[in-house]
Ligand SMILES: O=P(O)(O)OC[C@H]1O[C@H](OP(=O)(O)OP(=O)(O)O)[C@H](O)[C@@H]1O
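Only one chain is included here, represented as structure tokens and corresponding to the form predicted alone.
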Amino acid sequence: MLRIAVPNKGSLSGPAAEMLHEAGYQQRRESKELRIVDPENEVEFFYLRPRDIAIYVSSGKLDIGITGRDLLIDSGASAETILPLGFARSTFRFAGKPGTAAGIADLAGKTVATSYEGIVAKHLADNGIDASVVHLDGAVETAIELGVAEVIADVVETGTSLRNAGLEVFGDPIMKSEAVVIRRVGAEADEPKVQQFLRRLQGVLVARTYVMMDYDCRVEQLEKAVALTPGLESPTVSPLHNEGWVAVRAMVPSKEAQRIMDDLYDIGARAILTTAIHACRL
């Protein structure tokens, strides 16, 4: 069986379980379950702390895992990203009291508190900055108020908690993160079960990104219509019973669907419909 590590809690857990369910995999019914077997798909899921997943995967005990790019890099584990998943996006940044620093060059000689010591230490070293890094678990906003550090480095989503603590971000982002599928460095790239798993997740990503659009148009307007809805390879075009009309079907980006419908209507297309895509293979 393919052995897969899945986040057991936090912002990664729910979206990961939802994506796996959409991909046709059985998921746990209770949060206390640490392991389930999906015999029909020949997969075994292990629910682990997101921060530990890269370690388990790099050890070879588990084949692949879902975790955050930030957690993968911070772990220093011998694992690599094989598929970005597009959820749990975040930005990792420095923050401090107003006027503390304007950029990374101002951190020389200062102390930085963070829960991601590996990421911060590497970023400082890569930029030639000699600064101290203090590791703290959990929220780090109070580190400055309590005098543990002059600066913090943390995940920033809305920035509300930082502002509430009287802090502001500065400098360029340290890194951008999102959920990713990872495997051990040096693992077999074309392992069939892994490739099948990736195809299923890619199918979910495509299904979430596109909708199916159907419409009728006159033959003389077909080229203009097809230019608006080129599809992935090309649209399906079928003659209608009424002479001079055709039915067209194509996948279109969901974010652009309303604009495309307006444009199609303007050139004379009618009976324009969009439907959700629940699964896909390209």
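What you see is a predicted model, and the numbers here were worked out from it, not measured in a lab. All residue numbers refer to positions in the sequence shown, first residue = 1.
Another form, the form predicted in complex with the named molecule, is not on view; read the next lines as being about it.
Visitor: Please pick out the stretch from 126-134, 106-114, 149-157, 189-197 that is in contact with the named molecule in the predicted complex, where contact means heavy atoms within 4.5 Å.
Guide: Answer to the contact question: 149-157.
Visitor: Answer with yes or no whether Gly138 is in contact with the named molecule in the predicted complex, where contact means some heavy atom within 4.5 Å.
Guide: Although the named molecule is absent here, Gly138 would touch it in the predicted complex, with heavy atoms inside 4.5 Å.
Visitor: Determine whether any heavy atom of Ser161 comes within 4.5 Å of a heavy atom of the named molecule in the predicted complex, and answer yes or no.
Guide: Heavy-atom contact with the named molecule at 4.5 Å: present for Ser161.
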